[in-house]
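The chain below stands alone, shown as structure tokens; this is the form predicted on its own.
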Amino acid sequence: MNPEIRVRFAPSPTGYLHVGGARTALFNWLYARHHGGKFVLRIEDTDKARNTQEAVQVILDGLRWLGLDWDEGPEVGGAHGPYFQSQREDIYETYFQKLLASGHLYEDGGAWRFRSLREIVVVDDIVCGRIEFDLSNPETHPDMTIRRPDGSWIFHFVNVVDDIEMGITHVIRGEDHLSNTPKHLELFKALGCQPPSYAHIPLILNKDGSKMSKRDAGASITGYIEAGYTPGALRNYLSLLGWSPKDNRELLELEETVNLFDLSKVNRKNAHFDLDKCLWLNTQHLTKLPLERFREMCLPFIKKAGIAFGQPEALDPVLAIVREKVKLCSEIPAWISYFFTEDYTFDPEAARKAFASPVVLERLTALVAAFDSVPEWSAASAEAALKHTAAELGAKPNELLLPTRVSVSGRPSGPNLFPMLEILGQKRTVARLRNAITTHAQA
């Protein structure tokens, strides 16, 4: 019987959760879920000068927003804790004493160094293949420090100790860590422990081929939350950065991705980040969301904009007709605000175009009379009334569309006009048309 798959995501809380870290977390999570294993979250917070509790919270919130639940770790617990390196001092001291007793350590200026085994170390990487690292030359590969003079630990040592203690079977991390792996394998060997299997996933590059940094556009997961991306869309996009289901499909639901995900399908070449593609995927995911979930995602932005909508369910008819136009949930207030107030403004350029013709006000006056006499108000009856009015005036229906839209919304564009008029209702539509006629007659 194969041992349980155990993977980990081990971020340092020195800043926000960025795209590279989130993609690493996602690949680990997908691998664990695909194999029915465990996804462990541990916080590598040994850098006391740069770590902050705020950064820890950002990481936890970002992972939760993405839907990447962890089986062991902060706020969840587990049998292999604590899950903060700052709380594991006694464990590291025990392993330090093991290496010291076996003659693998020596002191150098107050620091403690690991005596390299001076061998050719072979890394059989699941993604990168077999790679040999020659560590025999101390000039090019000096003995690594594992403990600083102030007593603090170096990343390589505590990383290996934690992987041993937490029973990690597979380490899935960025390719920039590949050069660290032979050092880690030396430590595993010195400690007499079986190393995990390694899979180094490709780097994420900008469009121009430069390595994506924390300062680049689209790097911060918080930015996606604030812009109103759906977690599903960002998960979908991140899964395609270095992995592919091999059938040219791009739009994937989470359950499907879990079923398809395998490290053998991870690409060797670097992935290029394309924010436009990510945005396109977001529009696809938005249109597929159940209306209740779409409303739930839009509510924070609607409330922040101060739109008085009453009960949340009152938003549903409006959201239903604008959702196909929306790329980001943060855009929602601009698309719906005029549905919930009579104090809306006219876009100057739209008004200039809509009311440019000297016959517009006369036509709108005739349309008011037609709308006012519709017995049962609906999108279909409003459309029929407009077409009939246009025919009586000797005009084309299209000549009435823009003036009507601008009159009732102040905008040159929006959702389909007639469903919009149905939602506004007969009285409000007529009143808004009359107000526009009066306003522009005085202009």
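The model shown is predicted, which means the values in this text are computed figures rather than measured ones. We number the residues from 1 along the sequence you see.
Keep in mind that the form predicted in complex with the RNA is missing from the display, and what follows is about it.
TODO: Spell it out for me: taking the RNA in the predicted bound form, does every residue among 347, 377 and 432 have a heavy atom no farther than 4.5 Å from it?
DONE: Not a single listed residue reaches the RNA in the predicted bound form, so no.
Task: Candidate stretches 405 to 413, 29 to 37, 66 to 74, 51 to 59, one within 4.5 Å of the RNA in the predicted bound form by heavy atom - done: Looking at the other structure, the answer is 405 to 413.
Open item on the list: Is residue 272 near the RNA? Define near as a heavy atom within 4.5 Å, in the predicted bound form.
Closed with: Looking in the predicted bound form, residue contacts with the RNA include residue 272, since a heavy atom lies within 4.5 Å.
Open item on the list: Can you work out whether residue 401 and the RNA are in contact in the predicted bound form, taking contact to mean some heavy atom pair no more than 4.5 Å apart?
Closed with: It does: once the RNA is placed as it appears in the predicted bound form, residue 401 has a heavy atom within 4.5 Å of it.
Task: in the predicted bound form, residue 194 touching the RNA (heavy atom, 4.5 Å) - done: No, residue 194 is distant from the partner.
- [ ] Indicate whether the RNA has at least one heavy atom within 4.5 Å of a heavy atom of residue 234 in the predicted bound form.
- [x] Contact with the RNA, no.
Open item on the list: Under a 4.5 angstroms heavy atom criterion, identify the one residue in 189, 265, 98, 293 near the RNA in the predicted bound form.
Closed with: Of the listed residues, the single hit is 265.
Task: 155, 198, 92, 338 - the one with a heavy atom within 4.5 Å of the RNA in the predicted bound form - done: Comparing distances to the RNA in the predicted bound form, the residue within 4.5 Å is 155.
Open item on the list: Under the 4.5 Å heavy atom criterion, name the residues of 239 to 278 that approach the RNA in the predicted bound form, in sequence order.
Closed with: Heavy-atom contacts within 4.5 Å come from 240, 241, 242, 243, 244, 246, 248, 250, 265, 267, 268, 269, 270, 271, 272, 274, 276, 277.
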